[in-house]
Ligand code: NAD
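Taking the form predicted alone, here's one chain by itself in structure tokens.
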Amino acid sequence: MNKIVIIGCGNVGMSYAYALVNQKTNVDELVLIDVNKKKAEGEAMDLNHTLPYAPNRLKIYAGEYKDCHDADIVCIAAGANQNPGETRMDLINKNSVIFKSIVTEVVESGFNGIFLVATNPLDVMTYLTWKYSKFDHSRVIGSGTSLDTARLRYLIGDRLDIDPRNVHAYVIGEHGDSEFVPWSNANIGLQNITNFIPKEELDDICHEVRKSAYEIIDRKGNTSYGIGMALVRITNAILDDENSIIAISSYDKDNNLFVGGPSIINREGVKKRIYFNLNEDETAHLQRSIDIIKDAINTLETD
């Protein structure tokens, strides 16, 4: 029996829940928790009405923090939304306060599973979840650059008219404005991507990935479907003990923080963070991204 608890029934949490119901997964029980209990109840009722057409049978209900005690995964999708004109880092003070309360209550329930974090600023919130929970870092996962990597692969696949699943490239660093693509490690059919797309066009693609969230938020007010699917992909890697490589926010031992990069995920959480060779420019870019996360953490801890 696999049980997932989603904390936060906003656009992201419910896109994740809806994607879980629609896909064939090993989830048996889904619990929704929200500060607005009536909303959680309504969302659970609505999802239950999809089950006659769903690929799996599962139990769905609105719950409380005590329901986390035997969960395999607790996904935190609660927090303030990113408004038009705001950066992900602008949310840091609002969401750090919310997280301390949430993580404390989850841990006090007796929860001993894996935290999956989806709230921005993602890397900082994942770090705070680790600090507040005192869990081993392997059992704290942030969605990281999984969504950004999906955006990247979609754009390249669309540009070259190939299946995006056959694009082997990652977005790494902060899930935010300093994220980047290490093109020296991006391949299609065992060939470096520069054999297919000129360097100047690659820079345009990277810029388009970076600005995607802002453009979507400007048009519809939020991003939700992409992250919902990314969270399901991470969930399946955990529950199916896949040892799959996904670009998540995982613990970087050299810098004592969480940052986006390819990591091996299985039933125990993060089995291993993958480190790979970067050229001089990419190394400097990654360090700038790490410094931004570090500065944000230091600001919070100073306060």
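Numbers follow the displayed sequence, beginning with 1. Computed from a predicted structure; not experimentally measured.
Heads up, the form predicted together with the named molecule isn't pictured, but that's what we're talking about next.
Look at 28-36, 53-61, 234-242, 264-272: in the predicted complex, residues with non-hydrogen atoms within 4.5 angstroms of the named molecule sit in 28-36. Although the partner is absent here, G79 lies within 4.5 Å of the named molecule in the predicted complex, judged by heavy atoms. Shown alone here, N222 lies within 4.5 Å of the named molecule in the predicted complex, counting heavy atoms only.
Using a 4.5 angstroms threshold between heavy atoms, I98 counts as touching the named molecule in the predicted complex. Although the partner is absent here, V140 lies well away from the named molecule in the predicted complex, with no heavy atom inside 4.5 Å. This chain lacks the partner; the member of V103, L116, V171, L122 within 4.5 angstroms of the named molecule in the predicted complex by a non-hydrogen atom is L122.
Remark: all three candidate residues (V12, L91 and L147) come within 4.5 Å of the named molecule in the predicted complex, counting heavy atoms only.
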